[in-house]
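Shown next as structure tokens: one chain only, the form predicted on its own.
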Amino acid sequence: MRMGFRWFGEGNDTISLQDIKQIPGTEGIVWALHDIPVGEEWPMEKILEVKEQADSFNLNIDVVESVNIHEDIKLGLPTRDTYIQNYITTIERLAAVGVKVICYNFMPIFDWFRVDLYKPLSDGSTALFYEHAKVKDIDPFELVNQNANNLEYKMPGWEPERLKDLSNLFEAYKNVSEEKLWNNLAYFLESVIPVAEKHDIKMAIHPDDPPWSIFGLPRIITNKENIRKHLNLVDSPYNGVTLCSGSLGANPSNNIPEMIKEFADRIPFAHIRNIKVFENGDFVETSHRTCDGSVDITEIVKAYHEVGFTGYVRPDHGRHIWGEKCRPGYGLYDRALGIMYLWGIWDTLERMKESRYSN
């Protein structure tokens, strides 16, 4: 596996490229142009600026995360073709600088969703927290005001310029069923996958987080059956999935090692993280260590090792530890610890494999 680390860019992240370079085994950044409004073309000069920054630390820019899909595409509006063409132009420009994977999602209105961005934990750290009952009862506008409008750093999927139109977006989605959302996803894929094939970039959809409907909005990338359906919409090796153990792991019925083995050749990129799931449906981010959460990280890494995974991976949401002031879920310390935990499992499996061959 090839290790990367999500970086939000100079002036938009508390973490430097120098910090990332010092994490053992980390060879690239997972990046995006977060200042470009959703739906607009990414300017080549800004893409080249990130490449130059990464090159100066010998870090690759192979994986882009959060080339977000404009809501008009998800809604299937007549204007979607304009935004799809902008997306295609961005794919072509990213290919020109060597990008190999684009991670995106097809979640209506919200990207990942949490109730508390800094939930205190028993060890004194804080973490992202999802409270199931509160999401069922609370007005989404209240949560947006509580979270998105109080962020020091812009969060992908929580852009203020998009969420300020929340009332109209909810109204627009009233007549969008899961079936219609699937149809709109198929339309998008049929347009962009041939371009991705031509330019050798793999499109990797991120599962819905959490993997169920919230606020009555349809969500469709939630389990093994739906991932299989997505991959069959356009049956191409360039139509893949970003397999996220944390997103899918919020539903205990999702067998992630089983998914890895079934979809191995369609997983160009993976997020590996742990969460603790409670009986009432709540969940909280934990350290990556298997025993700290409900997701068997050891078995997940083992599954990747068994299928000979050579794609890209990154640690995902971490706790906020040691007094670090950082973007919610994206501090340096806990994610660096997560990388070392993942490498520890991987290296052990490699040593065991070598031992079997030598005997």
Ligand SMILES: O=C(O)C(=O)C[C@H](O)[C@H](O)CO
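Start at 1 and count along the sequence shown; that's the residue number. From a predicted model like this one, the values you see are computed outputs, not experimental measurements.
Below, we refer to the form predicted together with this ligand, which is not included among the displayed structures.
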Original post:
Does every residue of D111, H206 and C244 put a non-hydrogen atom within 4.5 angstroms of this ligand in the predicted complex?
Top reply: yes
Original post:
Which one, 230-238, 93-101, 266-274, 135-143, holds residues whose non-hydrogen atoms are within 4.5 Å of this ligand in the predicted complex?
Top reply: 266-274
Original post:
Should T26 be classed as touching this ligand in the predicted complex when contacts are defined as heavy atoms within 4.5 Å?
Top reply: no
Original post:
Any of the heavy atoms of D316 lying within 4.5 Å of this ligand in the predicted complex?
Top reply: yes
**OP:** Answer yes if any heavy atom of W42 is within 4.5 Å of a heavy atom of this ligand in the predicted complex; otherwise answer no.
**Re:** no
**OP:** May I ask you to check whether Y333 falls inside a 4.5 Å heavy atom distance of this ligand in the predicted complex?
**Re:** no
**OP:** Taking only heavy atoms into account, state which residues of 63-78 are within 4.5 Å of this ligand in the predicted complex, ordered by sequence.
**Re:** E65, S66, N68
